[in-house]
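Only one chain is shown below, in structure tokens, and it's the form predicted on its own.
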Amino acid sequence: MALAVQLLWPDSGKHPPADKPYCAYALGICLVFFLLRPLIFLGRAETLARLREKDLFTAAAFLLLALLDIGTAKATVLPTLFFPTPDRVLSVLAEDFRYLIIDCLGSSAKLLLAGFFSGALAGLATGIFIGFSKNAAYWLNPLIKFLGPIPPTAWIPIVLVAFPTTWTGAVFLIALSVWFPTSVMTSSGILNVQNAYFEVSSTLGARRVYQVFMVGIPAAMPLIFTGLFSGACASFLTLMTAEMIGVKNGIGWYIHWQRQMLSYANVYAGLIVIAITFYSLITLFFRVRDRVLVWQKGMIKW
């Protein structure tokens, strides 16, 4: 139906046309895929069944796309400035691919990974110290309770003065957003480990270091991953804000720049890239969690 709307309903002419009918191309590819899906996944009934479970949601997505096409290109119900046609958005993704994906997304990936891993390592270290040391808990718990609830973006005025470059300041903001949930959940996970685990390992001759790394931390892994997941979501939000305040490249900077230029087709293209990228990262994160926590499969519910 979405393809029929695209091909048979003429455009109103109020939107600037795209160079090529990218939306029709994409819908045609999707239609061919769904028609040939039984052949593509022949002999893989389990994979085909998983895909078919999502058919209703997929149909709703194509229906929404058809309605959006009608509201913009066909009937022009929505404001032309703020709601470009799907063709225009897809044309940006196709024609501006190198700059949007390779340059901007690559720059954002470097910033995100630097901040996330710095914050995750700091959070894990803080949580482990608090969980296994009463002295560390005495000094670090008040600090976490005082600084942790402050939104990372509230530190922007200080970061702009304290750091030599906006890039290092952005890394600090992202690391701070990851550090707080990771440290809290890591310490909570370790403190909730049953004392019997440590007693048994001690009876069998385990030393303190072995108990920390081979008993306490593995038993706390479910909550540690929960903290890392919360930190990852917070890092995505902080990344967008950090890039909009001074970093001279990146997907967040691209969206902010295009918004100032009133190029909303580029803005929506950037949002699509962000959605696909972050969805992929979260999916990868859960795959790693499932692999690490395979021994707890069926014991906990996510």
Partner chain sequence: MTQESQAPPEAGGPASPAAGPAAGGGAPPAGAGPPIPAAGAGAGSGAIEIRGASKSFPHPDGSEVPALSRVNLSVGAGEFITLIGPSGCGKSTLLRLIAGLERATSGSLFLDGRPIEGPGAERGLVFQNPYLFPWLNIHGNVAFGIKARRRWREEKGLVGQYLELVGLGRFGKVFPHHLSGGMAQRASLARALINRPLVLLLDEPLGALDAFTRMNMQDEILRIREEKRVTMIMVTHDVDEAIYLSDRIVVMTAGPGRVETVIPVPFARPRARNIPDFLRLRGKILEILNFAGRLEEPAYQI
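Not measured: the values here are computed from a predicted model. Positions refer to the first chain, counted from 1.
What follows is about the form predicted together with its partner chain, which we do not show.
Of the candidate stretches 198-206, 168-176, 89-97, 102-110, only 198-206 has residues whose heavy atoms lie within 4.5 Å of its partner chain in the predicted bound form. Using a 4.5 Å heavy atom cutoff, none of 271, 275 and 279 lies near its partner chain in the predicted bound form. In terms of contact with its partner chain in the predicted bound form, the residue from 78, 219, 137, 125 that brings a heavy atom within 4.5 Å is 219. With the partner omitted from this view, the residue of 117, 210, 229, 155 that lies near its partner chain in the predicted bound form is 210 [heavy atom within 4.5 Å]. Within this chain, residue 215 lines the site of its partner chain in the predicted bound form, having a heavy atom no more than 4.5 Å away. Its partner chain is not shown here, but in the predicted bound form it comes within 4.5 Å of a heavy atom of residue 294. In the predicted bound form, its partner chain stays beyond 4.5 Å of every heavy atom belonging to residue 133. Contact check for residue 194: a non-hydrogen atom falls within 4.5 Å of its partner chain in the predicted bound form.
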